[in-house]
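One chain comes next, on its own, written out as structure tokens in the form predicted alone.
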Amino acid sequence: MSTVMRRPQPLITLGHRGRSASSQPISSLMSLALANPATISLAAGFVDNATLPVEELGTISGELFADPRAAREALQYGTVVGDEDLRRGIAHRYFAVQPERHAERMILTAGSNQFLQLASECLLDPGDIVLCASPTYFVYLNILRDLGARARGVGTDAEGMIPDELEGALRHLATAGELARVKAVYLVPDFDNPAATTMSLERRKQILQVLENWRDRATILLIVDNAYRELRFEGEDIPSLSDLGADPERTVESGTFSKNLAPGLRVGWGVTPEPLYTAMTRRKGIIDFGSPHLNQRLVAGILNSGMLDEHLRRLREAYRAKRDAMIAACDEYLRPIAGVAYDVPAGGLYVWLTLPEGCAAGPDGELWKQALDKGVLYVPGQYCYPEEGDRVATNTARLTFGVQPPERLREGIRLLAEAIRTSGTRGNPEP
């Protein structure tokens, strides 16, 4: 009697999204750092534990739970769009023009990444195009990739996206018959992640003018990511794109309390026009019925009490000192290496490093191996470039000064300089 051998069946069969989901580069970088605590991570853009507002949130939570009625309301489900008091507080804090209109069109989310994910899901079909600065926020690039959308890089300089490059990209796509597929332009105007650039007032107006020039030929949404806006160390604040006259029916403004308050609260926000607003609220209602209400009430308490401004004063002082320590170390150890360049950011958490031509900083390059061997981590700059459009600069790296104390920042830069010099003798051009 013959025995029929049956091939083992898989436990489960994944759907399209499960099969196509890509891992975040930052996740592997975090795993590397956790596997070796002695490693100096200049990679993950975390905030400094020492700056987290423990006392302030302790005070606010104590006041909240001292009122049984208010506490029960906070512990109950909220609305899909989020706490009204907090939405109004955010709108009046960040927008000088028509703040009430912004509050009415605002959705609170579990961090700004959830907002960007929801907005992109509701806006984009596979093959649609989003124009991004080159380089740009690599997490958003992964969101677009997972949705089957195309990110196209637009050239940048020290002030971010170049208006003429944006105009050129639109003309190129129009000539190629793809203008109808361009659904959005994505910008991080203040202390951009990763390049730490800030768009000047004039540059913002020029970008808005380019979009206005194309208004009758294409329906293009402007997506503005304000994650780092309040982490300014010097200079005057620059108005939001909305306050400068961006079309409210074609503009999304988003932000988060992860960088300026506490990432563990997971409170983000975004303002969006119709019909995207309705689509997002319906989609969000299916997913979670609304983001954590208690966390929103805590953030509202911080805003209403005025504690956020005092917290930001201390936060800026702490990060300014860290920025100065990293730049001083770069001046000492990196500037003497021919072909290395960097700018001094006026805020945010990052320093963008350009290495000698031919010095590949990616995970397959000699520099990456040498840096790991010496005990220092960075984010390879190639992760931050869209796959289309402007060229990918593989000789770049993102460094962050957010987590490490000044002495560790100095040592990390020293080790990185050693790695650059060593990698130059093993297949890369000499610095």
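Owing to the predicted nature of the structure, the values given are computational and were not obtained by experimental measurement. Note that residue numbering follows the sequence shown and begins at 1.
One more form of this protein should be noted, the form predicted in complex with a further copy of the same chain, which is absent from this view; the next part is about it.
- Stretch 115-123 is the answer when you ask which of 115-123, 308-316, 95-103, 157-165 has residues with heavy atoms within 4.5 Å of a further copy of the same chain in the predicted bound form.
- a further copy of the same chain in the predicted bound form comes within 4.5 Å of no heavy atom belonging to L372.
- a further copy of the same chain in the predicted bound form is not approached by I40, whose heavy atoms all lie more than 4.5 angstroms from it.
- Contact check for D237: no non-hydrogen atom falls within 4.5 Å of a further copy of the same chain in the predicted bound form.
- In the predicted bound form, a further copy of the same chain lies farther than 4.5 Å from every heavy atom of R320.
- When contacts are defined as a non-hydrogen atom within 4.5 Å, all of R72, D146 and L265 contact a further copy of the same chain in the predicted bound form.
- Screening S258, T198, N226, S242 for any heavy atom within 4.5 Å of a further copy of the same chain in the predicted bound form leaves a single hit, S258.
- The contact with a further copy of the same chain in the predicted bound form, taken as any heavy atom within 4.5 Å, belongs to L276 out of L276, L170, A151, A91.
- Along 49-79, residues N49, A50, L52, P53, V54, L57, G58, S61, F65, P68, A71, R72, A74, L75, Q76, Y77 each place a heavy atom within 4.5 Å of a further copy of the same chain in the predicted bound form.
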